[in-house]
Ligand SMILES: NC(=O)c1ccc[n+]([C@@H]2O[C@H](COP(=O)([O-])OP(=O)(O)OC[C@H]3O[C@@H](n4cnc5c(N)ncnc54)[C@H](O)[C@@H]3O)[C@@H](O)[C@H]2O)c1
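Shown below, as structure tokens, is a lone chain in the form predicted alone; questions about how it binds or moves come after it.
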């Protein structure tokens, strides 16, 4: 029997657009896509819903399994669209081994509207049962997926196609998430050993920006590079003086607009390198290679770049989406414990915003802070929000949960006493006090303390924090700084106005 040639296999819930995606991929590849629902229709000789209603789901799944297994074996590189329930078969899941499984992730409301409009689906007759099935299958698709593409984005599959095909050559275990934004889409690749194997997702001459510690640990994996510039580790390097060093080094090393900047490091390096890429010759491509937990769960995505000035954090910057993000969890093994702990604050923040399964996973604490599936879930949470609101006009502001007071603490402390994540941990506690969620605040405080994060503000005067708050960049005109408040995990709201007296009380409480 001939060896199976890998195909792109599109999976997902009803209404995700699998058939459309497979046809688009087939057209781009010059191959006719296989649609297993259409193949099953021909095999049965009658409408799927008629057979389902007469013979029952078990008989339907048995016939479906046979059709899908044959399609996966005979596709030989042609794209394949699976029925929504096909992954319920263990034999089908095993047969997916040589293929690249692309999960088209669709929310339940959109799926219900599309499935109902199409009509005739036996499992789309009762809304409550439909949503329960959607939640049940979500985990099945997630486990099987090599790549995750948001459903319903026009042209997303065609745009992502080169990167989906590149997964076949990526190191074992690599996964891809397609990130969307108003100014441009890009792939996020995540997996073990992605960095150390030398695999890289974007062509072009590389000019690396890193810090001295990270470069010594991981810089060799980026070779060959056409140039590099290193800064000292830590927030004090995120300045206009450092940006000038980077700009001048790139000019001296001959960087052009056809080249790309590679940001190898944590949040400081990512913000600095991204800002320099956005402004050097009015814009170069940038690829983020985050090496800290803070960067892997949060700062490497979404295109916010910038530097600090003495008056306030992140006051000078630009939106500049990356061309790709390369996440290798193995780099976290080189972090000192306090840096790993600092990243955990962003994990907790993101889990509070997401709620649901991510919050339950984090609050249970299974497997520690740096689990690859938790990192990817945090990244996907942020990417979904950025897709709705790239430039902080509305929903994206929820990502500032804990950061309003946290940034003020960093500024008041001179960007030296507290790591970013440590300040955010204190900011989360202040935000939960302002939200009036004392029980949740106590639970979060215990989670933070268990990971070595502070629950008490030390070495900084409250009045200095309050003064820094008044200069927060989110402030509009003469109004107050808007706060992000928490009703419950998964119910986080932006734009709240809070009286000055309550803010001062929440900050002073951190001293106790």
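The model shown is predicted, which means the values in this text are computed figures rather than measured ones. Numbering follows the first chain given and starts at 1.
The form predicted together with the named molecule exists for this protein as well; it is not shown, and the discussion that follows is about that form.
Stretch 234-242 is the answer when you ask which of 138-146, 151-159, 186-194, 234-242 has residues with heavy atoms within 4.5 Å of the named molecule in the predicted complex.
Looking at residue 381, you'd find every heavy atom of it more than 4.5 angstroms from the named molecule in the predicted complex.
At a distance threshold of 4.5 angstroms between non-hydrogen atoms, residue 175 is out of contact with the named molecule in the predicted complex. Shown alone here, residue 425 lies farther than 4.5 Å from the named molecule in the predicted complex, counting heavy atoms only. Taking non-hydrogen atoms only, residue 304 approaches the named molecule to within 4.5 angstroms in the predicted complex.
The contact residue chosen from 392, 107, 259, 339 relative to the named molecule in the predicted complex is 339, the criterion being a non-hydrogen atom within 4.5 angstroms. The single contact residue among 202, 335, 385, 78, judged by any heavy atom lying within 4.5 Å of the named molecule in the predicted complex, is 335. Along 243-274, these residues reach a heavy atom to within 4.5 Å of the named molecule in the predicted complex: 266, 267, 268, 269, 271.
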